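A single chain comes next, written as C-alpha cells; it is the form predicted alone.
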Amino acid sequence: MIIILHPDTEKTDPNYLKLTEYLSGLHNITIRTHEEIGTQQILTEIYLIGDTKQLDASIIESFEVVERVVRVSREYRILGRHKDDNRPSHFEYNGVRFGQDTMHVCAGLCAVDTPENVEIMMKTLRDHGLQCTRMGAYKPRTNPYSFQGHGKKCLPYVFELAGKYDIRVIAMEITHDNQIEEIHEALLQAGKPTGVMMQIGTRNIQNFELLKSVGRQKEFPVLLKRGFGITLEESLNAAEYLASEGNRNVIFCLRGMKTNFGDPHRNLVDFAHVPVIKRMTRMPVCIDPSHSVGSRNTSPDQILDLMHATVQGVIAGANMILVDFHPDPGIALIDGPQALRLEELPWFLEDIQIAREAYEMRCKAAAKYI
C-alpha cells in the first residue's frame, strides 16, 4: 500500500504526527518513507509493506495530510503503475526533463577513444540542438583481451568538452560501484560542467550489489538496460532494486534479446514492449537500436535497418533513443560496424521527427474513440 501525502507536508505538522502514530501501531507492517525534493515542492510517499489487505484505506485517507491511498497491484511497488494510479511521472536532471511524455536523443560514442573525436561529437550535437549524449568510459567485454575503455583517465576531457558545448546529460555505463565515486570526483574537479546518467548494461542487470549501490546514491539518475537473456518481469524487478534503495529516477532501456531468431540482426528487436512497459510502470522508456540491429545494412528503400528499427520504437511511444555515432566508424575501438556517421545525423533526426509526429497523431486519433 502506498500513502501519498499532500505536497510540502512538514514532518513537524501535528496531523503528520497523528498519521505516523497510527501507522506505527499497525501489526506486521513495515513502514518506509520516500521524499522527492523538486524545485518547487516536496512530495512524500509512505510505503506500507506486509499484510495490508485487511487495512481500511478510507481510515488512512481520513487523515488531513493524506492526499490518497493506492493499493499495490504489482511486485514492483515503487516504479509500478498500480490500479487506479494514473499520476504523471517525470524527473528533472541538470535542466533536462525526462518522462513518459518526452523525447530525447542520446547520440554519441559507444567507447571514448580520443579527445579530438569527443570534441567533434559534442560540437555536432550542439549544432543540431541536442543536449544529451552517450560516452563509454568503462566497457564490459566478452573477450578479456578486447578494449575495456579508457576508464577514469578520459573523464576530465569528456566533462570539460561537454561543458564547452552545453551538453547537459551524458549516459555513461558503469561496471563497478567504485566508478560512481570516480565519476563524482571527476565532475567536482571539472566544476560540474555537465551531468551523468549512470548506465547499467545488460550483463549487469542482475548484479544485485551493483544495483543496490547505484540505488543508494541519488546524485545521478539511472539508465537500466533490459537483460538480454531474462524475462521482462525479471528486468523490471531489477529496476525496482534501484528504487527500493532510494533512487527512483530510472529510465528503462530496451536493447534487443539475444537469440538466433533475430538473425541477421545482432539481437531480436523488442521495441513492441515500449507501450507494455509504459503501461506496467511509470518509467520513461529508452530504445537502443544500435545494439539491437548491430549493422549498417540497408533495405531496398535505401533506409538503414537501424533507422527502421528506431522509428518502430518511436512510433510506439519511446521517450529516449540511445544510438552510436562516430566521426569515423572505421577506426572506432568498439562497435564501429553499427555506428552511424555524423553526416547522417540530420537524416536520423528528421526520420525520428516524422515518427514522433505520427505517434502524436495516433494518440489524438485514439482520444476521439475513447
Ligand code: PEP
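Given the structure is predicted, the values throughout are model-derived calculations rather than measurements. Note that residue numbering begins at 1 and tracks the sequence as displayed.
One more form of this protein exists, namely the form predicted together with phosphoenolpyruvate; it is left out here, but the text below deals with it.
His291 is the sole member of His104, Arg282, His291, Arg248 with a non-hydrogen atom lying within 4.5 angstroms of phosphoenolpyruvate in the predicted bound form. In terms of contact with phosphoenolpyruvate in the predicted bound form, the residue from Gly80, Pro221, Gly149, Gly201 that brings a heavy atom within 4.5 Å is Gly201. Not displayed here, phosphoenolpyruvate is kept clear of His273 by more than 4.5 Å at the level of heavy atoms in the predicted bound form. Heavy atoms of Cys110 reach within 4.5 Å of phosphoenolpyruvate in the predicted bound form, making it an interface residue. The closest non-hydrogen atom of Glu173 lies within 4.5 Å of phosphoenolpyruvate in the predicted bound form. The shortest heavy atom separation between Lys278 and phosphoenolpyruvate in the predicted bound form exceeds 4.5 Å. Contact with phosphoenolpyruvate in the predicted bound form holds for all three of Arg134, Lys225 and Arg255, each having a heavy atom within 4.5 Å. Look at 114-122, 211-219, 156-164, 193-201: in the predicted bound form, residues with non-hydrogen atoms within 4.5 angstroms of phosphoenolpyruvate sit in 193-201.
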